[in-house]
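Presented as structure tokens, the chain that follows is alone, the form predicted on its own.
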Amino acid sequence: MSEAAEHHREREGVGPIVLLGAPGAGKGTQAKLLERRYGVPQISTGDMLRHHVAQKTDLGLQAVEYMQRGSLVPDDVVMRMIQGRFRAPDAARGFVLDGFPRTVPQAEILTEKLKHLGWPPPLVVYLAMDYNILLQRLTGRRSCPKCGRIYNIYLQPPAHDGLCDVDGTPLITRKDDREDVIKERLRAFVEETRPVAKYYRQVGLFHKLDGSRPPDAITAELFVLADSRLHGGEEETGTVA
């Protein structure tokens, strides 16, 4: 039996899920809810990149200059960071990719890697969002460095100004949430990442959701799509903006 066939025989679960969308569209929030419901890990390349930068690894040193100015980290650096992650025990029943793939070449590499490991095609969901709403979400974003919880001073403020509701840790503004960096990130998204949605649309693996709706409404729709994977059914919907 081939390696791919052996993996496919053993795997029962929601499988791979890809969340697409501009910075601030809510991918991280929805990924954590999917992780909790289906018992599969959220794989955030943004978190992985920041970890490598904080630890000053070779890959982190290569990535930091790109991140600080809001540019996309080169494909080869990102791919090396996630190498082997799909084989980890906690990913045996599936995983949620948050922030990956960001380019069409990454999407093509991901397609081949999943096929080689015996996974079915991913459930791909694109969270569409108005530009002005994105700016408000990102410039108001604050995060807890201890537990990772994310707030927004305009839309979802903490109960006590500047402090995490969970553990009371002072909230921080990430360097890549400055307005000048945000505008560069959105420009990079439009030029390089939105074509990824078109790639998945062309191969019939695409669902577009309105990301400006209340998070609970988006979550409910995501769960319906993911539940259909557990029962072997899925239909392609939506269009690319």
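In this text, residue numbers run from 1 along the sequence as written. Take the two forms, find the largest set of C-alpha atoms that superpose within 1.5 Å, and that set is the rigid core. The model shown is predicted, which means the values in this text are computed figures rather than measured ones.
Only in words, not in the display: the form predicted together with a small molecule, which the text now covers.
Heavy atoms within 4.5 Å of the small molecule in the model of the complex are found in exactly one of 164 to 172, 117 to 125, 134 to 142, 89 to 97, that being 134 to 142. For the residues L49, L34, L209, V196, the 4.5 Å heavy atom test against the small molecule in the model of the complex is passed only by L49. Residue contact check for L110: none of its heavy atoms lie within 4.5 Å of the small molecule in the model of the complex. The small molecule in the model of the complex is not approached by Q62, whose heavy atoms all lie more than 4.5 angstroms from it. Contact between A226 and the small molecule in the model of the complex is not found at the 4.5 Å heavy atom cutoff. Taking the partner from the other structure, the small molecule in the model of the complex has no heavy atom within 4.5 Å of any heavy atom of K183. Relative to the superposed rigid core, P158 undergoes a CA displacement of at least 2 Å between the shown form and the other one. Once you line up the core between the shown form and the other one, the Cα of A107 stays within less than 2 Å of where it was. Once you line up the core between the shown form and the other one, the Cα of L97 stays within less than 2 Å of where it was.
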